[in-house]
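Okay, here we've got a single chain as structure tokens, the form predicted on its own, with questions on binding and movement later.
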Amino acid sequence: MLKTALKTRAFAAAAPGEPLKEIEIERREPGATDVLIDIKFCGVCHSDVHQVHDDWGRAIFPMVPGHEITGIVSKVGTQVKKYKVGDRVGVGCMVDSCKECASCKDGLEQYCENRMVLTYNDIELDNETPTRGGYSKQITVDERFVARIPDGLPLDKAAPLLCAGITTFSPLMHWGAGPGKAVAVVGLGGLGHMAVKLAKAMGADVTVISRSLAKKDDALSMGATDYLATAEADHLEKGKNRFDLIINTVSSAADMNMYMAMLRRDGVMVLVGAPSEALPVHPFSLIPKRLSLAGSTIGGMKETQEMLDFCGKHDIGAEIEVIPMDKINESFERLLKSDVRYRFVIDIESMK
């Protein structure tokens, strides 16, 4: 139990696969460098469903999911310098790291060489306190892991930027998406639709690759200039040797060799989706054109703030369906059926 704690309401799963129900949880009173946030909105990420169902193991229950958090600062610690009461802020997938390793010192806390602390389903650095996520009325976070939301971005549309936005922004920036670059986005879901918007704003020529033609109109309206459906035989031919960078957002098994054939010499395919099974890649899908297959996860706090500022400058928000908290279990069911365009966002103030 926390030594100095405040009580707040949250929605949690009591055991793997159990429906989420309202409970009371404890948050720490803000320490010297902490910020207390009154949560207004929280996005629903596909990983929330995986974690609640314990698909990836090591689940800690009762579990309060949620790592796409936006809200208003309600209290700050005595040494907080970046924020004041009333500021619009966000919290993403991590709430702490060792702060001392080379990655942390480089502002790449997501690659902490000791231990990054996840926003939920993790244990804080005291090795005792479980972390609880954003399906809650309040959260206390060290100011280093809090980002400022630009005034022009609505808090509901900004929430998914804290995961889906930074997860795609980071590899787009790292591998140089921009004018003169042909970028393909595999999958037009929560991650993919953000990748399209961001790559377009960076000046890249963007193509969406999906299984069917069902989302073609949506892709074009978001800024894609072309659309390839892998179920259409001639579309695979059209995609060959065409792209400098592929952002692969799908979280299910797919033919990696088919996508690698779409890259130009020295091209890169970056995996940001997380299939649970191994994905075979034939060496001769890579060797003849000096291709690279890479992975990427979220972004550091400096880059997360850069992403939010970029979205504010270019008026980029997520395509969302706002739901009341009592619809969260229904939204999980719909998410498993891909019945959302393109991100559920919980109105936390709907909690009684």
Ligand code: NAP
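Given the structure is predicted, the values throughout are model-derived calculations rather than measurements. Don't overthink the numbering: it's just position in the shown sequence, from 1.
Beyond what is shown, the protein has a form predicted in complex with the ligand; the following relates to that form.
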Considering the ligand in the model of the complex, which of 137, 157, 197, 215 comes within 4.5 Å of it through any heavy atom?
-> 215
Single option in 95, 183, 76, 188 placed near the ligand in the model of the complex, where near means a heavy atom within 4.5 Å | 188
Consider residue 239 of the chain shown here, and say whether it contacts the ligand in the model of the complex, taking contact as heavy atoms within 4.5 Å.
-> no
Give a yes/no on whether residue 121 approaches the ligand to within 4.5 Å in the model of the complex, heavy atoms considered.
-> no
Mark residue 102 yes when one of its heavy atoms lies within 4.5 Å of a heavy atom of the ligand in the model of the complex, and no otherwise.
-> no
Exercise: residue 252 in contact with the ligand in the model of the complex, heavy atom 4.5 Å | yes
Segment assignment from 35-43, 293-301, 323-331, 306-314: heavy atom within 4.5 Å of the ligand in the model of the complex = 293-301
Residues in 43-73 that come within 4.5 Å of the ligand in the model of the complex by at least one heavy atom, in order, are 45, 46, 47, 50, 56
